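The data below hold one chain only, encoded as structure tokens and taken in the form predicted on its own.
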């Protein structure tokens, strides 16, 4: 993939959120734009990236001409790659010592909000809406991982 192709992908993703068609987007949309380009930064990494593309005096908006070179570099360096399926599976298995193949909704909420880099309320709701089987009120994590993994080919 060439730099020009990366530029087009970045511009296309940016334009989806450039509602005023003035080459700016709301800073709160940057995470969504970056993730739509196949990157999975942590909240801390996202915060650092935003600091890099923000104006000296933050306006709440990000200009395309500041975003483009930073995002091009991120894609060229293959930063913030998604975590491979086998590693995700091992992470879930650690949380499921009895090897049931699922986690109850309450267990998942506890792990995701009280351990490591805690999920925000919004992130938790987003994950639950995608992960929880409403009939069993649990996450069958092999199915969830299969749904989440981005096919690299």
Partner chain sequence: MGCGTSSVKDTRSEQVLKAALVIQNWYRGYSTRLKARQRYALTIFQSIEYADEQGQLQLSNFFSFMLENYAHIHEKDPEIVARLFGSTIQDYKDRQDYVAFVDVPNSYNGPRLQFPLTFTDIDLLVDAFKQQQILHARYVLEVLFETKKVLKQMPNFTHVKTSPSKEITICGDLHGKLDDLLLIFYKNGLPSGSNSYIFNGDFVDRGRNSIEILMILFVSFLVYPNDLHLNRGNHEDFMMNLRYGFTKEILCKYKIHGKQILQILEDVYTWLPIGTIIDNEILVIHGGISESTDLNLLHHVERHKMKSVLMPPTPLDGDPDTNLKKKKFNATVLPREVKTSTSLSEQLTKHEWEQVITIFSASNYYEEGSNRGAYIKLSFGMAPRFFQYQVTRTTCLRPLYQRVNAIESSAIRILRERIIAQKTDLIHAFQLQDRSKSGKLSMSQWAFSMENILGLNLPWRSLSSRLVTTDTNGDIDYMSSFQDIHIQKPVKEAQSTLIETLYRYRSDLQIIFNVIDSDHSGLISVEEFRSMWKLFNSHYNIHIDDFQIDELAERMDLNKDGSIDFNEFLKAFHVVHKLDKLNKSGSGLL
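Residue numbers count along the first chain shown, from 1. Since the model is a prediction, treat every value here as computed from it, not as a measurement.
Here the subject shifts to the form predicted together with its partner chain, a form of this protein not shown in this document.
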property	result
Among the candidates 49, 68, 27, 112, the residue which, in the model of the complex, approaches its partner chain to within 4.5 Å (heavy atoms)	112
Residue 117 within 4.5 Å of its partner chain in the model of the complex, heavy atoms	yes
Proximity of residue 104 to its partner chain in the model of the complex, heavy atoms at 4.5 Å	no
Partner contact for residue 55 in the model of the complex: its partner chain, 4.5 angstroms, heavy atom	no
is_contact(residue 35, its partner chain) in the model of the complex, heavy atom dist at most 4.5 Å	yes
Sequence-ordered residues of 93-108 touching its partner chain in the model of the complex, heavy atom within 4.5 Å	94, 95, 97
